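Below sits a lone chain in structure tokens, taken as the form predicted alone.
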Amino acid sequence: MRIDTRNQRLDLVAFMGALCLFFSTLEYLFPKPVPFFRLGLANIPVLLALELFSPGYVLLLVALKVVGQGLVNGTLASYVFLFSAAGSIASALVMLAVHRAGRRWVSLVGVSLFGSLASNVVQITLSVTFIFGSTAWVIAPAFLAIGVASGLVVGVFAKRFSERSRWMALMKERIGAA
């Protein structure tokens, strides 16, 4: 049975947006080793969405994730929200490009790593440009290294879930994704 209506796809995007907020909330249980750093658990549904939806729906999911995180975390009217939005949008665009261009050669692990690096580079650049100046480069190596490690873990989890989950198999079948 395929999901054919726009409303059913939007319902699934909303569900995955709720999962992003759930994972984002879980992230607060872990300490931040460097400023602005997040583990990226909220990107698990985004990675899975790459295998289910067209780019427009993936970007809608990212918008829901960013705005939802801003509301839940109380950062919607702060520069932290702008950093999060810029990093998330850059990450999503890079992940979409890598997933589409390299689908045969790059797994969700690689897609996650590219997305993590894109987010971190954008956030470091914003930090240097608008907030901390050149002193922000001091934390850049640690920020990038931790980002690569978390991108790897998130990617491995998303890949395994995508390959082994009955729910994911059912969603791929219903949506007609490969």
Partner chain sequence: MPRRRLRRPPNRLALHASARDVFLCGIVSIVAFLLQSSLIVRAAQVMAFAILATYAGKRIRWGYFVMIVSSITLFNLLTPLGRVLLEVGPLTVTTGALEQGVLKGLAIAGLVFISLFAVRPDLKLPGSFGGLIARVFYYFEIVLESRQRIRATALVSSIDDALVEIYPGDNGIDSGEPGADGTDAGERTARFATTTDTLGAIVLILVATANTALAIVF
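Numbering follows the first chain given and starts at 1. This is a predicted model, so every value here is computed, not measured.
Below: the form predicted together with the partner chain, not depicted.
**Student:** Look up in the predicted complex whether Arg174 has a non-hydrogen atom within 4.5 angstroms of the partner chain, and give yes or no.
**Tutor:** Yes, contact at 4.5 Å.
**Student:** With the cut-off set at 4.5 Å between non-hydrogen atoms, does Ala142 touch the partner chain in the predicted complex?
**Tutor:** Result no; Ala142 lies far from the partner chain in the predicted complex.
**Student:** Taking the partner chain as it sits in the predicted complex, is Leu71 in contact with it (heavy atom to heavy atom, 4.5 Å or less)?
**Tutor:** Yes, contact at 4.5 Å.
**Student:** Might Ser78 be said to contact the partner chain in the predicted complex, defining contact as any heavy atom within 4.5 Å?
**Tutor:** The answer is yes: Ser78 has a heavy atom within 4.5 Å of the partner chain.
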